[in-house]
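Listed next as structure tokens is one chain, alone, in the form predicted on its own.
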Amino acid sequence: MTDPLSTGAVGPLASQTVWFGVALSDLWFGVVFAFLAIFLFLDGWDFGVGAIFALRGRTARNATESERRRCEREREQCLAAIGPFWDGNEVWLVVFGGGLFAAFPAVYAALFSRHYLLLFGVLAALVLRGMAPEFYEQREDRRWRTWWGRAFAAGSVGAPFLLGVFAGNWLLGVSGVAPASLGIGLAVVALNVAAGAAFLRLKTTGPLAEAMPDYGVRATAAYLALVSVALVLLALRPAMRDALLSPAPIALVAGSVLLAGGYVVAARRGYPYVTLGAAGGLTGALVSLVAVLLYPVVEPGTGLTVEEAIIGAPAVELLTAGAALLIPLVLTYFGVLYSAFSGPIDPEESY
């Protein structure tokens, strides 16, 4: 089963092990980005719901008491919709980081040491997003709820934006804040809002659900516009321009346009599952585009290729065997979780 290949050591970590015709270095490169895509999709709709929570909670200064109560009720529905899931969804961020550390420790060390302030920002936003609903529910005081509602929205928007900037910096191999990275960060926020709108259309009823197609369509249009800007900024770099003009990136960009069109049609015609699936496809296409543009280099800042950065045998073989046992268990857990809480929530349900 194991077929270690002598590739002529390229670096101290160089090792190439093949299982069933697939190099484990390539397999783990794909697995790590698959973990990232799952996290961005599952927790992405939680982030999107947080942004919509802020938009649906705005009331005019002269709003009547009934209008304020309606907004408050819709905010409760937003929290109740994601309540059973968001803790579990965040596990995929840990799985992504753990997979990167276990399979490509040199890349993990380089990325996390170069972007530690950015990643502390992501953690701070995630903590804020996690704390805010708990405090929000503790008191009926309007000012209290206003500030904790703002904290929830700030964490829900800040985390995906900073993660998008991190992904952009990873792709470019830079440590500062590049304009293309900012574009990718904003695009991830828009994509999360589109996913959040599709999720709320599925999980809620009444005026809140009816408003979601408009939110989703606008967010999808914004996502396409922001990705286009980011691609233009990336293309200003000659090496990246050549990579973007290769067949795989062109196919992924074309597929994203088709998926966005599918999202809009499904949202307008009232097919929430198809809408959510299209949002998932857009997330997968975005993460795949980053992976394709990187490969075979896995960390442009150091120049390490996938083959050079993978841990050696037999560690990678043990890691692969362990993952083959654990990942199906994790997927089964999520299948049970989403089955147990399937269907729309009760309109009177709270977080």
Partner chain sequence: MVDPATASRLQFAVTTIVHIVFPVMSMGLAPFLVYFTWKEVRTGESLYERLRRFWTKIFAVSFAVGTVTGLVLEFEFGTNFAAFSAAAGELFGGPLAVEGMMAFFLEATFLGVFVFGRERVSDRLYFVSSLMVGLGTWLSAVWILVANSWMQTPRGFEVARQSGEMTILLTDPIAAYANPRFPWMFVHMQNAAVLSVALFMAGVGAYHVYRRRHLGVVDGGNLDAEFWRATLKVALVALIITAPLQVIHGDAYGRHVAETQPQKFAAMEAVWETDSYVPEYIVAFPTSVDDLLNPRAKDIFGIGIPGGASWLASGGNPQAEITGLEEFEGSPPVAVVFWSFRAMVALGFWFVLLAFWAGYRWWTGELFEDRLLQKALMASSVLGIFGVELGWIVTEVGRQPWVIQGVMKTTEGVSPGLTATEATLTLAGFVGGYAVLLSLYTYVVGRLIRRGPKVEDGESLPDPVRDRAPAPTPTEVSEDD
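Numbering follows the first chain given and starts at 1. Please read these numbers as outputs of a predicted model, since none were measured by experiment.
Another form exists, predicted together with the partner chain; not displayed. Remarks below refer to it.
Q: Looking at 67 to 75, 144 to 152, 264 to 272, 242 to 250, which stretch has residues with any non-hydrogen atom within 4.5 Å of the partner chain in the predicted complex?
A: In short, 144 to 152.
Q: Can you pick the one in G83, P213, G173, G281 that has a heavy atom within 4.5 Å of the partner chain in the predicted complex?
A: If I apply the 4.5 Å criterion carefully, the residue I get is G83.
Q: Given that the partner chain is not shown alongside this chain, does V94 nevertheless sit within 4.5 Å of it in the predicted complex, heavy atom to heavy atom?
A: Looking in the predicted complex, residue contacts with the partner chain include V94, since a heavy atom lies within 4.5 Å.
Q: Is it the case that G88, even though its partner is missing from this view, gets within 4.5 Å of the partner chain in the predicted complex, heavy atoms only?
A: Result yes; G88 sits at the interface with the partner chain in the predicted complex.
Q: Mark A102 yes when one of its heavy atoms lies within 4.5 Å of a heavy atom of the partner chain in the predicted complex, and no otherwise.
A: Residue-level check for A102: yes, a contact with the partner chain.
Q: Can you check whether G312 is within 4.5 Å of the partner chain in the predicted complex, heavy atom basis?
A: Yes, G312 lies within 4.5 Å of the partner chain in the predicted complex.
Q: Sequence order please: the residues of 125 to 141 with a heavy atom within 4.5 Å of the partner chain in the predicted complex.
A: Residues within 4.5 Å: L126, V127, G130, M131, E134, F135, Q138, R139, E140.
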